[in-house]
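In structure tokens, one chain follows: the form predicted alone.
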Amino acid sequence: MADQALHAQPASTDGQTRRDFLLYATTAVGVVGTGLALWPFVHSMNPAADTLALSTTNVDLGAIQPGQSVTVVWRGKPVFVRRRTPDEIATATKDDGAELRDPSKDADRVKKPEWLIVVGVCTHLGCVPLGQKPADPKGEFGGWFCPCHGSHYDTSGRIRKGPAPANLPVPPYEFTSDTTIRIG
């Protein structure tokens, strides 16, 4: 009887200690295993390498003449880069006081008055407006015209007529030199 009492107490404490250790070890292995199993799924939600490569676009402005527009691709979207003439700048500035659906001053949409950079996607249904080529119709306000539903944009990319609810968006950009910009 004395032997049973002597062995009962340590066996119970020793069994409890082993049980706690096994519980903690099993939980830790389960958590680490679950994390390792989920990592490929979480990692698959990151942008692809080709998408990351398009996150910025550098544009050489040196070859663009006054009145000329070029289209570059940034994040899979067309971006219109227009070197505006003094007349286009004066018209855009004068139109700051016009009744606009999406009010925005020309000075708030450009960093240098000569250069207008906007995402070339109509804000109505996502079409690409005309007005980049010299022969393209530029709409009633001399900017861009979306023939799908008749949206007219001015020389600052602001919506002036038609169903589009907002101006052409200005992407984030910066001048890295006098003749180069980085979009994105």
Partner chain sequence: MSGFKTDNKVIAWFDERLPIFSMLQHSAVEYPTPKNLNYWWNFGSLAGLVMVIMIMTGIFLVMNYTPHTTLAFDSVERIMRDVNYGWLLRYVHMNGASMFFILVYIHMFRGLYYGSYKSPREVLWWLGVIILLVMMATAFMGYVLVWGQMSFWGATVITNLFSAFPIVGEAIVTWLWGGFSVDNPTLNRFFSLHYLMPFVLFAVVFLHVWALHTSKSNNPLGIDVKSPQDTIPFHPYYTIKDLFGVGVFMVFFLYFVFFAPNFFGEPDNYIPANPMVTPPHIVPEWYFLPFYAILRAFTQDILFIPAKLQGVIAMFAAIIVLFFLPWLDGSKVRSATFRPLYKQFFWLFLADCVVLGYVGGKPAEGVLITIGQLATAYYFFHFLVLLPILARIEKPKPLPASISAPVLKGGGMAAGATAQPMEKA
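Positions refer to the first chain, counted from 1. Given the structure is predicted, the values throughout are model-derived calculations rather than measurements.
Just so it is clear, the following notes concern the form predicted in complex with its partner chain, a form of the same protein that is not shown.
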key: Stretch in contact, per heavy atom within 4.5 angstroms of its partner chain in the model of the complex, of 122 to 130, 135 to 143, 27 to 35, 56 to 64   = 122 to 130
ask   = So which of P86, P103, G76, G97 reaches within 4.5 angstroms of its partner chain in the model of the complex, heavy atom to heavy atom?
value = G76
message = Can you tell me whether V70 touches its partner chain? I mean in the model of the complex, with a 4.5 angstroms heavy atom cut-off.
response = no
ask   = Any of the heavy atoms of P172 lying within 4.5 Å of its partner chain in the model of the complex?
value = no
ask   = For the stretch 128 to 155, which residues lie within 4.5 Å of its partner chain in the model of the complex by non-hydrogen atom distance?
value = V128, P147, C148, H149
